[in-house]
Ligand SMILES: N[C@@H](CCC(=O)N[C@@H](CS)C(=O)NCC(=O)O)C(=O)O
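So this first bit is one chain, no partners, the form predicted on its own, shown in structure tokens.
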Amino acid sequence: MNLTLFYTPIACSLVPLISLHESGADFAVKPVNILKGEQMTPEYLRMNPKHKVPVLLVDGKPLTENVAIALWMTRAFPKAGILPTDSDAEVSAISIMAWCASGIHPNLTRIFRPRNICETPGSEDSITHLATKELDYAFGIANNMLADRDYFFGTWCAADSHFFWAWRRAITLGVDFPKYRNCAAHSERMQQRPAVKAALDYEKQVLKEFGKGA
């Protein structure tokens, strides 16, 4: 099996990168520099017309969206724990990942690029304020879900990686919620996992390489 992950540092392509490390599979990573518009090249658009990361090439066939990639990896590597083995827990984990993708991620984007949401002059502060308010509410829900447990379902799964990315991304955007101690503890716990360390080390390497090419 030939696996290649198209990846951008800081972006949510961190989620499948962690899963690939957790799986023990052989894989390659192709960095995509979105600041240079590499996601808009004809070659990339033929592979993914949505011009987004991540993309996982499986024997040359592109697979997009973190939820779908996690589900595929669960079937391809059943012993890796990408999603829980219990069917009810599996569905719940997919629900968390879908929430991260559709409920949390858009608000992170609104803070990162408010002008992409509304072109009205002076609207940026209002967009950021409302997005931060939504994140506060979402992280409060997650904080309750993580009470008295190390991971969402007792042991690691891709839902933990997806939420870890969202929490970490909020902090990099200057939006921090120290009151949610369970979320912060979960983040610290995630950073101790060898797969996460490997993914974050690679992120630093790619950022350094992108900086050299600036």
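A residue's number is simply how far along the shown sequence it sits, counting from 1. Note that the coordinates shown come from a computational prediction; the quantities given were computed from them, not determined experimentally.
Keep in mind the form predicted in complex with the ligand is missing from the figure; the text below concerns it.
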Inset, instruction - Assess the spot marked by Leu83, Phe152 and Arg193: is the ligand within 4.5 Å of a heavy atom from every one of these residues in the predicted complex? - result: no
Legend entry - Listed residue (Ala25, Ala198, Ala11, Val206) with a non-hydrogen atom within 4.5 angstroms of the ligand in the predicted complex: Ala11
Inset, instruction - Counting non-hydrogen atoms within 4.5 angstroms of the ligand in the predicted complex, say which of Leu173, Ile34, Ala184, Met47 makes the cut. - result: Ile34
Legend entry - Proximity to the ligand in the predicted complex (heavy atom, within 4.5 Å), stretch among 75-83, 133-141, 99-107, 117-125: 99-107
Inset, instruction - Answer with yes or no whether Phe163 is in contact with the ligand in the predicted complex, where contact means some heavy atom within 4.5 Å. - result: no
Legend entry - Any non-hydrogen atom of Arg189 within 4.5 angstroms of the ligand in the predicted complex: no
Legend entry - Partner proximity in the predicted complex: Val53 to the ligand, non-hydrogen atom cutoff 4.5 Å: yes
